[in-house]
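Given next, in structure tokens, is a single chain: the form predicted on its own.
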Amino acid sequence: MFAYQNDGRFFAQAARGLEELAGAELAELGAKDIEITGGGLHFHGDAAGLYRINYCSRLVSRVLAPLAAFPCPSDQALYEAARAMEWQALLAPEKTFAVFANVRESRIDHAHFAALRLKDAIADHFREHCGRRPDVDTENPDVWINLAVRRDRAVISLDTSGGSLHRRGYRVQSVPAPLQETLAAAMVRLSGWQGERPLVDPFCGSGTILAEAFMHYCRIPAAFKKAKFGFENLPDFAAGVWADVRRASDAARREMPELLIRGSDSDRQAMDAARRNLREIAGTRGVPLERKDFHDLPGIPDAMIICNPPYGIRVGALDETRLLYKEFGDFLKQRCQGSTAYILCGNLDLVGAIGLKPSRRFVLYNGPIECRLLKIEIF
């Protein structure tokens, strides 16, 4: 069984609710024949497209290259098929690897057990053919292997991203309940903001929305801090093509006018984290941050307001949060004329508490939490 046959077919994992948005982004980055399915999107792409998507996509979390697919009615069937694969094309005994798995509607009903059986098969293959095996490193492996078992059929893939792409690398200091980077990027994209007016986050927390908005405007590749990618382990990896893709993507960067993006938060720890995180992205000194409660702001007129207020599930008590939403709604009505607000609400009971009628509602997910992104026009 061959370990890798490149037909240009890949699978991009995307968070629930982001599939269509991610499909449009993939098309912009050169993907073809995009097909939305459970958990993400199938697509075709050449080497340059694969590298560009991994480097520049703001919305997908991983890009997988299928290696083998086969019936998998039992763990022994998984073990035998995986052991027969030509793993030397991807791995060497001196390298490290990790396996992550998911199972659905199958006789193998435990993901950790499935991952363990695949790990054993790879290790035993190397013992048989090389006399020694590569070590497992679950934190920072050289090669990431994905296993998906659905309805007793297994697909083994190489993670060409080399770990989740939502970990941009700029978040070096965090706060409770941080917003995932891909979700923040989706909020910015859904707003349609292109820098035509100021963007403000009055609940900026550790600065994730501000960072994603800055990178979006300045055209900074989302994975600009990532040191290595899984696609570098592919047998047909083209180093020259990757160098050209990276060079062209980096050359598209533009500078941001000062004060175009700004944020505030009432929490000292959050502001410290936001300042620290934004410093990880060159050029963000033009993004002012202010420790201030939104009540004390003079107003945010004629701006794009994108924010993720607390919603009483992971942080904050529900009654206090309901009052906060009402007061924030009053603030928008009284001091934000001409602005458009995009507010992520993770507690559906709070949608009406803001007291303003949304012109659109987008269904998004913050991890397992079903959210509504409310678009509110303020006249």
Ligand SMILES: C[S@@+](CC[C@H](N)C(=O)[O-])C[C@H]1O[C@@H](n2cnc3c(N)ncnc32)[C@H](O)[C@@H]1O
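No experiment lies behind these values; they were computed from the predicted model shown. All residue numbers refer to positions in the sequence shown, first residue = 1.
Unshown form predicted in complex with the ligand; subsequent notes refer to it.
task = Select, from the options 245 to 253, 90 to 98, 117 to 125, 263 to 271, the stretch whose residues sit within 4.5 angstroms of the ligand in the predicted bound form by heavy atom distance.
result = Checking each option against the 4.5 Å cut-off leaves 263 to 271.
task = Name the residue from Thr208, Thr182, Thr160, Asn146 that puts a heavy atom within 4.5 Å of the ligand in the predicted bound form.
result = Comparing distances to the ligand in the predicted bound form, the residue within 4.5 Å is Thr208.
task = Find the only residue in Arg275, Arg219, Lys225, Lys292 having a heavy atom within 4.5 Å of the ligand in the predicted bound form.
result = So the residue touching the ligand in the predicted bound form, by this definition, is Lys292.
ask   = With a 4.5 Å heavy atom cut-off, would you call Phe203 a contact of the ligand in the predicted bound form?
value = Although the ligand is absent here, Phe203 would touch it in the predicted bound form, with heavy atoms inside 4.5 Å.
request  = Report whether the minimum heavy atom distance between Gly45 and the ligand in the predicted bound form is within 4.5 Å.
outcome  = Residue-level check for Gly45: no, no contact with the ligand.
query = Is there any non-hydrogen atom of Pro66 lying within 4.5 Å of the ligand in the predicted bound form?
reply = Flag for Pro66 set to no.
inquiry  = Test of understanding: in the predicted bound form, would Cys336 fall inside 4.5 Å of the ligand by heavy atoms?
reply    = No, Cys336 sits far enough from the ligand in the predicted bound form that none of its heavy atoms falls within 4.5 Å.
message = Using a 4.5 Å heavy atom cutoff, which residues in 164 to 178 contact the ligand in the predicted bound form? It's fine if the answer is none.
response = Residues within 4.5 Å: Arg171, Val175, Ala177, Pro178.
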